[in-house]
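Coming up is one lone chain in C-alpha cells, specifically the form predicted alone.
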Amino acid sequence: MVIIMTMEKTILICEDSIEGVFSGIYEAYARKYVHSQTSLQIGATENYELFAEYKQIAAEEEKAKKVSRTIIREFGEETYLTFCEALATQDLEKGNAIYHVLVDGLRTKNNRIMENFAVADVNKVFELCRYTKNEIQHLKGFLRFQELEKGVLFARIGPRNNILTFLAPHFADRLPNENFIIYDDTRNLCVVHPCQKEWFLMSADNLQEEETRNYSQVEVAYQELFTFFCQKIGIRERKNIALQTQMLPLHFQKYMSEFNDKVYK
C-alpha cells in the first residue's frame, strides 16, 4: 500500500481593504509559510477546502505600511499604484493574485515583474487595474457637482469599484477654492474637501439626506435649463437607446440630472 503525503494548505482570511491584504502578505512572510501552499482570501466563505488550515488576519496599519514600503522600494511607485487600483475592485481573487505576484517578484529579484504577462497572476492584476482605471476616467468626466443651499458643491456617485480616494485628488486640484463633497452611496463613504484645505475620507453615517437634496435656486434653474436643452437638441426619430447606453452606461445616467427627466428618456 502506498501512502501519499500531502502538505496542508494555508488560507489567510483578510479584510477587503489595502490594509487588510497587505497585513495578510506581511503575516505570510513573518510566519514563514510556504508561499506555494499559501493563499489569501478576501472575507469569510461558506465553502471550506479539505486539507486546508484557515487563519484570520487582522488589518494592522503598521504591517501594511511595511509591505507598502517594500513594494515601492523593490518595484517602484507605479507598481504600488497598480496594486492599489487592483485592490479597489470587488474581485475576491485580487488579494491572492497580488500576493503571488509579489512573491514571484521578490524571489526572482525582478523589479519589472508587472511586465511579465506570461504569468497568470500578473495578467489578473493588470486586468483589475485597467477595470478600475476605466471607471476612474469615466467618472472624471461624468461626475456632476450640484450646489446646495449652503453653497457646498455635492456630487453623488455609485461606482462599481472603491475609487473615492482616486477621484479626490483630481477634483481637489481643480477646485481648490470650493467646499465640496463626493458621496459614494454604494459604500456609504464620502470625500470632504474644505476650501483651501486637504481633503479627507469619512463615513457618511452623519450625512443628512434631506440637506443633500436642497439645491440652491441657481442650481435648480441651471438643471431645468440643461434638461430643456437636452430635450430640444434630441431628434426623436433618430433616438438610439442601445447606442446611448453603450456610450453612457445606466449606472452613470442614474446620477445625471438630464436623465432623471421622463420626457428626455
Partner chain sequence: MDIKITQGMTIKEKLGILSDAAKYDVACTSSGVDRKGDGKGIGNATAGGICHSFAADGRCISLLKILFTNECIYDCKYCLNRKSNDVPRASFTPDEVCELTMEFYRRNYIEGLFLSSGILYSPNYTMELIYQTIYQLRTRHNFQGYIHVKAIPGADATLIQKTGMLADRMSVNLELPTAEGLRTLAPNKHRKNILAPMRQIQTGITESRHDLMIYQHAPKFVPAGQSTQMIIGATPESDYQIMAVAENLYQKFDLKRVFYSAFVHVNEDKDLPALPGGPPLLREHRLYQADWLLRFYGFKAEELLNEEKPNFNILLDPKCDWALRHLEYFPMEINRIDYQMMLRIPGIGVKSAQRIVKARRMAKLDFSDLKRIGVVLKRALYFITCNGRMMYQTRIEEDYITRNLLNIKEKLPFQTNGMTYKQLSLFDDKNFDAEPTIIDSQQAAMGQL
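Numbering follows the first chain given and starts at 1. Only the largest set of C-alpha atoms that superpose within 1.5 Å between the two forms is called the rigid core. No experiment lies behind these values; they were computed from the predicted model shown.
There is another form of the same protein, the form predicted in complex with its partner chain; it is not shown, and what comes next is about it.
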| query | finding |
| --- | --- |
| F171, Y99, Y183, F83 - the one with a heavy atom within 4.5 Å of its partner chain in the predicted bound form | F171 |
| Residue among R107, R73, K140, R187 with a heavy atom within 4.5 Å of its partner chain in the predicted bound form | K140 |
| Close approach of G43 to its partner chain in the predicted bound form, 4.5 Å, heavy atom | no |
| Partner proximity in the predicted bound form: P194 to its partner chain, non-hydrogen atom cutoff 4.5 Å | no |
| Touches its partner chain in the predicted bound form: R130 (any heavy atom, 4.5 Å) | yes |
| N240, heavy atom within 4.5 angstroms of its partner chain in the predicted bound form | yes |
| 4.5 Å heavy atom contact with its partner chain in the predicted bound form for all of V218, Y222 and Q244 | yes |
| Which of 232-240, 24-32, 204-212, 63-71 lines the interface with its partner chain in the predicted bound form (heavy atom within 4.5 Å) | 232-240 |
| Residues of stretch 149-177 in contact with its partner chain in the predicted bound form (4.5 Å, non-hydrogen atom) | G151, L153, H170, F171, D173, R174, L175, P176, N177 |
| C-alpha of K65 moved at least 2 Å between the shown form and the other one on rigid core | no |
| Shift of Q244 between the shown form and the other one at or above 2 Å (CA, core fit) | yes |
